[in-house]
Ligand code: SIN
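Okay, so here's just one chain, in structure tokens, the form predicted alone.
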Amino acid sequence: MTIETVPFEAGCGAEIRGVDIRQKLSPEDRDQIRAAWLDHLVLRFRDQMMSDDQHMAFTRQFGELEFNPGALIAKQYGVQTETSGRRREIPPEISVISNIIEDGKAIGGLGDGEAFWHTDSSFVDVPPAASLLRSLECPPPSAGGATEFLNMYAAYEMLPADVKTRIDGLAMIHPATHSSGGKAHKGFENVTDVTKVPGARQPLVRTHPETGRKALFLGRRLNAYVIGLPVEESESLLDFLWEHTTQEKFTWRQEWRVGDLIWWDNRCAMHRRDAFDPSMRRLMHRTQLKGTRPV
């Protein structure tokens, strides 16, 4: 069967049909899928009931696996963020996102609350290039839990010319203080001066290392700071950029089904998640591809 790429009528994203990603890809299929990913930023594969080993094997065909964010933040900042109930048999390259409690302990992160707009692990110096998230258990769409994606190429390209000139060459701190759900990481509970917040220094506009296109690179909003600006000016600029960027015309919305795998480009797409009914079980596993330092 021939692979088919079906773009969504939205700000980004496409569905890939006609391929079983649990099997090793031919070089031609691999190249076609990679080209679709670079073109559309976000890819959806449906009805892919995979094991963790199959998930990691698929990911490895496109690059080197990255460790889960808990390991990344521990390595760079010496802070422990792993969930206490994480199953021992889960490979360290797999992130577990779940609200499930076993023996009184959470088996994964983020729970059932909203996850705010963010770029995965941009608080480390070299963030992942990509995230590949698959659904093992999920509530029906009526119960919440949808994920939205933002096209950061388009957000940059549609900025007013004077704003592009103003932000050219600026860098900002991507804070390591909180999860995407707004929960403070241990040791980072109190921030009184955003100019000294722990986090990675990243360009406000980054150039994609494969496509050469420019994209806004905002990370997450809480405790962010544009280096060199007075705090009040930094806050005003970031407020404007976030209001501009999160317009609906730049987005695509994923309503999850069991067996879905969503692969997004962490270098030029942001994402968020709706809260969902806490009485419903949701279990997601995610791999990531190693990236390069943003420039």
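What you see is a predicted model; the values in this text were computed from it and never measured. Counting begins at 1, following the sequence as shown.
Beyond the structure shown, there is the form predicted in complex with ligand SIN, which is absent from this document and is the topic of what follows.
The contact residue chosen from Ser180, Asn99, Asn223, Ser135 relative to ligand SIN in the model of the complex is Ser180, the criterion being a non-hydrogen atom within 4.5 angstroms.
For the candidate set Trp37, Trp256, Phe45, Phe67, a heavy atom within 4.5 Å of ligand SIN in the model of the complex is found for exactly one residue, namely Trp256. The partner is not drawn, yet in the model of the complex one stretch among 184 to 192, 114 to 122, 169 to 177, 205 to 213 has residues with heavy atoms inside 4.5 Å of ligand SIN: 114 to 122. In the model of the complex, no residue of the candidate spot (Ala14, Trp252 and His285) has a heavy atom lying within 4.5 Å of ligand SIN. In the model of the complex, ligand SIN lies farther than 4.5 Å from every heavy atom of Ala130. Within this chain, Val197 is remote from the site of ligand SIN in the model of the complex, having no heavy atom within 4.5 Å. Using a 4.5 Å cutoff between non-hydrogen atoms, Phe58 does not count as a contact of ligand SIN in the model of the complex. In the model of the complex, at least one heavy atom of Trp264 sits within 4.5 Å of ligand SIN.
Shown without its partner, the chain has His271, Arg273, Arg282 in segment 267 to 284 as residues with a non-hydrogen atom within 4.5 angstroms of ligand SIN in the model of the complex.
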